[in-house]
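Quick heads-up: the structure tokens below are two forms of one chain, split into structure 1 and structure 2.
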Structure 1
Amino acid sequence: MERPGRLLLQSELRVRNAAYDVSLSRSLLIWKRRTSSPVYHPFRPSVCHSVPVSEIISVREEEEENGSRQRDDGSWKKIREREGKDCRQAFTVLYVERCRQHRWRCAEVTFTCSDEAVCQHWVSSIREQLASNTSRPKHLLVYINPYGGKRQGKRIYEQKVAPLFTQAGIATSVIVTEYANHARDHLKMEAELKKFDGVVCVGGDGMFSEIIHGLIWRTQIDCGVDPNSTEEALSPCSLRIGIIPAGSTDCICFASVGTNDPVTSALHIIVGDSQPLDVCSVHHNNMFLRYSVSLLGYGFYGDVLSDSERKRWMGPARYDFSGLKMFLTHHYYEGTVSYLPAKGIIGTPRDATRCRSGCVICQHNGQLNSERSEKYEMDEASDSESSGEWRTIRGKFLAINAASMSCACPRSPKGLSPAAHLADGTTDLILVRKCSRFNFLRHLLRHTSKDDQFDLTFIEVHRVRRFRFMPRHCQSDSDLELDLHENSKRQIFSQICKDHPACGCAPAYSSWNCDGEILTHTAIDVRVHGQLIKLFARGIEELPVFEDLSNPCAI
């Protein structure tokens, strides 16, 4: 833990009628209980607490006079006698307290002062330290999706989040969305972004997708960048985005915070955390389609989404039903995947290293990608495509997935790609070739086990900066070099009955699942834009952080 710097204040204060030595530096607030005996007791260590100043939510001044009145018998005479000596000044510090499973809570401690001037000096000093933290937001634009998940977004914000923002002195402008893409359209055209320090969405991953589409598009237009260009580098967004989870999956929160708890996310926003995030742009024939931050899935996951959209009346159970149906159907699809491998970086998709707070891999690879982008802008002749670095894979696939983060969630604690990183400028391209149902089930079950889910002969995984996909039905026979002898009977049969769905033949193509939305085209060009946006988050903290902060005086 960070050691305290030069002390700004040091006093003897009381907490619950016990004497404490309290000190404040620019980095830490520490209060240590005074021992009643000078004799050292090894089995009775002194109680010591420390809180980083950056994790103090607020401080309020108050008079501690209720305690004496509660202890007397209600006599007016006794109140007058005690009024002079027991009515002392006090101030309460609200701060972040870590709990299990990466959850944060708002805790508080009240210090009693014998002198009013001392109390005011402490309050003003702490407030000065909080005000000097420029990373903390002062004014937020909040969008609430009242229909997402279990339709609890508005209640969650009003009961759990808004009181915390008020305590922290954060002003908010709240908009309750009324229709699909309301937030996206408002950010694109109407929102006065210069007034705000950040944008907060209350909802699920779909609501977050609306926010990033509106904010990224608005940023590109303001900077004169053409979003439809596949070769032009996108300008990073200046405003940070906060997510108050109130959806069905909340994949982004699990990857960037470690939990889908709304109070935890609100506290990350209050303390002004910042976590960069990669964004993939998806194009079709130089036409922009969508942005993706978590999963692009063709084949199995695309079919599951397409089928579940026709069963929305079933509620969340539709995903389980469609997943089982698509597993039993076992469709595979032919096509060509071309990708640009991420060279010169550290880390691979099969590493044991996970993306955590202060990730060294994200910092190193992010810097490398920014230098490469600057070089590319200076010398367009260094295009990787012309230098022959592209690689091509043709075949039959049960699934083609691109994971820009681990995609962990309660149903899949490890995620689709456990070693994927949030801000390293790459995405993990996972190719699941045609195999038996049993083998595909083995692959799916490994998402919830400790086994290496890529250690299977029919699976390939590549860490890439860009990839393209062309489905079989968009190509001529000469373009796709497959084993014609092995597939001749199926091709003849498909040619006869491709227009007759009643025959039960496998469809010629699937759909792309882009962060829970279906793309209108299957032939796509995907490019990773490193650290394009920033979240009010700090990444998943390692377990030792929680252990150290629970120990007495871990400094």
Structure 2
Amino acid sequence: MERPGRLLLQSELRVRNAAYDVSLSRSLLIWKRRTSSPVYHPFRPSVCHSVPVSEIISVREEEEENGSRQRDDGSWKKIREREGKDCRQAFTVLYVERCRQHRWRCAEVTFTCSDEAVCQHWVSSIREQLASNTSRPKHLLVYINPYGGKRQGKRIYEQKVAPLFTQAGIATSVIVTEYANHARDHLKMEAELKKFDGVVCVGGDGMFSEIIHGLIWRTQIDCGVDPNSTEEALSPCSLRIGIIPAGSTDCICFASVGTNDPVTSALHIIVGDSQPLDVCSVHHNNMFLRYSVSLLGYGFYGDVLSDSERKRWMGPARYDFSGLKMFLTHHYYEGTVSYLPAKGIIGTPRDATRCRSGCVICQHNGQLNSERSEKYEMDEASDSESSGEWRTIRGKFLAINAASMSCACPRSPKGLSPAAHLADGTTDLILVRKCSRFNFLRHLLRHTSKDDQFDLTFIEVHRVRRFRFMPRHCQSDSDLELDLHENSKRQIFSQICKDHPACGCAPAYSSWNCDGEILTHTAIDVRVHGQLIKLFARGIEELPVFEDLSNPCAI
């Protein structure tokens, strides 16, 4: 809890007929019931409220007519009179109130006083404080995906978010997308980004992936960086991105705010939060494919996504249906994974600690990254395959997952990698080797229990900066010749089977699930770019365990 600091204003005002000492400093608004108040009950504890100024949404004057007052927006509010004597002036403060499970809501308190000049001084003083907070957005570019999730994006925005933006005095330019990649193309080629101080994504993870594709690409072009390069350091994006969850998984919103509630996300945007986020670039043969911030999944999660795309009419439940189907199908895939372990960092994928607001691991490793990327510019060999740092694993896998955040979501409450960090410059590479259905089910079920989902003999997890994957069917001729002697028949049959889908045997390869979108290639090169973008979020806040003794009300 912030401490009050130097007082800017202090008055006796009234709240619902009770007298309060109200004070405003640069950091806090406090209202504390006066002990002399006629409605004061000697045995009722003194009531004191405090709100960080940074979490005040807006302040509005209340105009009076016939005992009720008309608000700035024209709506009417009944102000009760005290014993026939009018309290003639009032103003209302809207502020963030924390609820259960990381949800925020917009609360309000109306102050009344007899002196009009005092009332107007309070309104102007609070407005000055809000205006001086330069991290709060004033003009947002909003993209609404009407197609994702339960196809409620437009309704969610208009009914739950737009009224809050209006209350907060935020101007918006809204685009309802008309086709897939509409937002990406608009950001790449048309949007006048200098007019805005933020972009808002109303949709799910796939829509967010589309928007960062457009924004990051545009930023590189504007900064003279080749986005197709696998070796150039990418330029960070200055515009923050807000996510109004209206998808099916919404794991990016869930992992950066702690809930997938549209009002909570809107309030984090309004107060101007900022949360850095790692981004993975995905290339195939030096050709850029896509960016990823949550999950890159081959095998199980790639097959779940491929199968579920044909069932979008089911809404979010399509993932459960396809997940069960793919579990029963139990396909495995052969290939070679090579990865560059993250050296010198703190934190591992097996930690008990979690990435939360003000994460020390993200701050430490993020600093390490920026020092390292300066060195990298001078010594590109450190990341090259020949640096000797790379590890290679060939085998048969049920799933190959790279989680750049926990990927926690309603369907996977702990997430695919519970100890992954939003902004530490790494991704957790999870290899699920071929095993029995029973053992794979044990692994899946541990995503919803307290058991460690990595503590199984057929699972290995590495925190990496880069990795590559080459499926067996794409291996080089020399590798294939080696295999040919070993499994010539299998190679011949797998080619026949691949050419004849009617054949019932397992496919030779899966597809990559990239934040909920299917990649066009299976041989990929993935690189983590630390803290490349920023969200209007603050990470998941630690829940208060006890009354905060530094609470200014305790003074």
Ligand SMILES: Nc1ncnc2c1ncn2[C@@H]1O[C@H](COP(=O)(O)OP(=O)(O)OP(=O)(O)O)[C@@H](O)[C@H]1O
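For clarity, every value in this text was computed on a predicted model and none was experimentally measured. C-alpha atoms forming the largest set that superposes within 1.5 Å between two forms make up the rigid core. Numbers given to residues start at 1 and step along the sequence of structure 1.
Form assignment for the chain places structure 1 as the one matching the criterion, namely the form predicted on its own. With the core held fixed between the two structures, D115 has its Cα displaced by under 2 Å.
Comparing the forms between the two structures, the C-alpha position of D185 differs by less than 2 angstroms, with the core used for superposition. Relative to the superposed rigid core, the position of the CA of E309 differs between the two structures by 2 Å or more.
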